[in-house]
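Next up: just one chain, as structure tokens, the form predicted alone.
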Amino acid sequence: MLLEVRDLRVEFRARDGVAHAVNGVTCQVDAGETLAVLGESGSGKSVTAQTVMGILDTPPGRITGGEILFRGQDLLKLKEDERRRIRGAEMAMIFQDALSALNPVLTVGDQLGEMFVVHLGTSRKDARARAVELMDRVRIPAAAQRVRDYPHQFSGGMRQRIMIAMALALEPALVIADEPTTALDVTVQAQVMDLLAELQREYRMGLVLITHDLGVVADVADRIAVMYAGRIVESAPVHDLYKAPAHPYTRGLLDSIPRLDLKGRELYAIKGLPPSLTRIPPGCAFHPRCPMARDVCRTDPPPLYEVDEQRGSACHFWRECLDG
């Protein structure tokens, strides 16, 4: 197993209380596999990714439990210099906002080349040549000339390609992509996702794709983990989940996707809002918004029931949900 997260827990201490951002997340990714992590904003997706990468701001964040096993080694037990050697070389991250993630006062060539200088001791001249190769690899036109340009001189889609090139510079075994297509138009979204899928096949890397858009992952993911209020409420192979969701929250997300065959009808929306992470409801955190909620849902937190060998659901009534 390439990456295995076990019962991970992260909290943030704030003036109005303790925000339980990650509440016992367990998931795994193998080489060549794509795991899509879905959920509304504030469900804990990005905090989980930052904790795995070792870039969580502490304070205010604090890891209160769990393990993160990368190739069998618990990353949480490593010293910072040991984590730094792994970060970038063996596991990398593609950030949500490329313009904010890239340094505005350095050329993209310098930023790409720095990976080779810091991790491999490559000369500046050779690092610049490698940067051009990377830009060519992610299909940036006229790479040899544009390597001297600054981030603001590129379009949003091209900046995202630069972020992908930076993440893949050292051919890591695992890449975490945090909302890589946010703020891009539909055509560019498709190009970026196709590029990621192609590069994943070429390098046989594990990919964790964080998003709130179920349409983006339908063709690229192998498995989906659905998060709500800091925990995974359903985990399943992509085709099984789309065909028959086993959790009311997942069903609500799927029903919220616009469909051509329902033209003219009012678009479905899950009622209410996600809970504050400082005041997560007792029992099932989704019960205030759930059309299937019963008394037991308001008092007893559901475990992740085993639906079958490949999927689980944190719903007391997952069988009824499967039946539709």
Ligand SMILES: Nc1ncnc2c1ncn2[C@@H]1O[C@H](COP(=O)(O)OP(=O)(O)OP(=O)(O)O)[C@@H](O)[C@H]1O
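Only a predicted model underlies this, so the values are computations on that prediction, with no experimental measurement involved. One rule holds for the numbers: they count along the sequence shown, beginning at 1.
Separately, the form predicted in complex with this ligand exists; it is not shown, and the next lines address it.
- Using a 4.5 angstroms heavy atom cutoff to this ligand in the predicted bound form, none of 106, 136 and 150 count as contacting.
- With the partner omitted from this view, the residue of 30, 67, 255, 40 that lies near this ligand in the predicted bound form is 40 [heavy atom within 4.5 Å].
- The contact residue chosen from 270, 53, 47, 35 relative to this ligand in the predicted bound form is 47, the criterion being a non-hydrogen atom within 4.5 angstroms.
- Although the partner is absent here, residue 307 lies well away from this ligand in the predicted bound form, with no heavy atom inside 4.5 Å.
- For residue 25, no non-hydrogen atom is located within 4.5 Å of this ligand in the predicted bound form, even though that partner is not displayed.
- Using a 4.5 angstroms threshold between heavy atoms, residue 179 counts as touching this ligand in the predicted bound form.
- Looking at 53-85, the one residue that comes within 4.5 Å of this ligand in the predicted bound form, counting any heavy atom, is 60.
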